[in-house]
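Only one chain is included here, represented as structure tokens and corresponding to the form predicted alone.
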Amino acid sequence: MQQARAITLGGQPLAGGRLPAICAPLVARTRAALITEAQAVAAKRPDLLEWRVDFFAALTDPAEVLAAASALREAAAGVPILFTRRARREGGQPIALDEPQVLALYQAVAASGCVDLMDFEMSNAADDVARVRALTQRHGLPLVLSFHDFQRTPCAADLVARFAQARQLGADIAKVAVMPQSMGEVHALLGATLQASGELDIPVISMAMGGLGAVSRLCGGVFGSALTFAVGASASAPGQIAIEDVRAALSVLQRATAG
């Protein structure tokens, strides 16, 4: 079993290799609101910003998306940016783009140089996953292949298999997010994370959502999760905790486990 891996950007480990690094989502609907949100959140110095572009009202206008991406790069003040269109079936917002248009948008944003890594669901069509894999490689962007279940938590073996599936599909980072119905299911998610982080040669990210799963957002790094999502201004998923509280809790936990 190998040690859990940190996310690497530009040859350097995110957050200096600390597990988990902290990512704050951006969910504004207009360019002006996005920049205001990004400036406020970046001032709290998360390790990563996630632009959830499925919230963006002008998503069907590629020129406006690229203009917003450029403005966001400046507003982020050096904080790296994760670009995500979350599919509706996995908890995203309804959008007026078909999948070929989504792929074209990913291509344009990847080529813009305004983002540092991209997220794409591994449940997408195999050809689409392969196309996104190819374009992120072409532009030197790490690819997060993700799986989300907002209704339930699969069994531990299935969770481990999801992490492994991401690796098999060419992910640089594997992400699994589930909705627990009991603390036993939170335990299963953490155990699967520990197993996957020890078996795979890529970083893994996991979280159990909702109130029951909140503990996983704080202790996930102990089990090998490379990233946790925290609220800088607005939440993008149930159970996310304010970045100040996450940072304080992680500081206590990391000091306690340092020995």
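Note that the structure is predicted; figures quoted are calculated from it, not measured. Each residue number is its position in the shown sequence, starting from 1.
Just so it is clear, the following notes concern the form predicted in complex with a further copy of the same chain, a form of the same protein that is not shown.
Student: So if I measure heavy atom distances to a further copy of the same chain in the predicted complex, which of the stretches 210 to 218, 46 to 54, 27 to 35, 61 to 69 falls within 4.5 Å?
Tutor: Heavy-atom contact with the partner occurs in 210 to 218.
Student: Checking a candidate spot here: are Glu99, Ala108 and Ser112 all in contact with a further copy of the same chain in the predicted complex (at least one heavy atom each within 4.5 Å)?
Tutor: Result no, not one residue of the spot touches a further copy of the same chain.
Student: Select from the listed residues Ala164, Ala104, Cys155, Met183 the one whose heavy atoms reach within 4.5 Å of a further copy of the same chain in the predicted complex.
Tutor: It is Met183 that has a heavy atom within 4.5 Å of the partner.
Student: So a further copy of the same chain isn't shown here. In the predicted complex, which residue out of Arg133, Arg73, His139, His187 has a non-hydrogen atom within 4.5 Å of it?
Tutor: Going through each option in turn, the one that passes is His187.
Student: Evaluate Ala15 for contact with a further copy of the same chain in the predicted complex, applying a 4.5 angstroms cut-off between non-hydrogen atoms, and reply yes or no.
Tutor: Looking in the predicted complex, residue contacts with a further copy of the same chain do not include Ala15, since no heavy atom lies within 4.5 Å.
Student: Answer with yes or no whether Leu9 is in contact with a further copy of the same chain in the predicted complex, where contact means some heavy atom within 4.5 Å.
Tutor: Looking in the predicted complex, residue contacts with a further copy of the same chain do not include Leu9, since no heavy atom lies within 4.5 Å.
Student: With the cut-off set at 4.5 Å between non-hydrogen atoms, does Gly198 touch a further copy of the same chain in the predicted complex?
Tutor: The answer is no: Gly198 has no heavy atom within 4.5 Å of a further copy of the same chain.
Student: Going by a heavy atom distance of 4.5 Å, is Leu194 a contact of a further copy of the same chain in the predicted complex?
Tutor: Although a further copy of the same chain is absent here, Leu194 would touch it in the predicted complex, with heavy atoms inside 4.5 Å.
Student: If you look in the predicted complex, which residues in 113 to 139 sit within 4.5 Å of a further copy of the same chain (heavy atoms)?
Tutor: Residues within 4.5 Å: none in this stretch.
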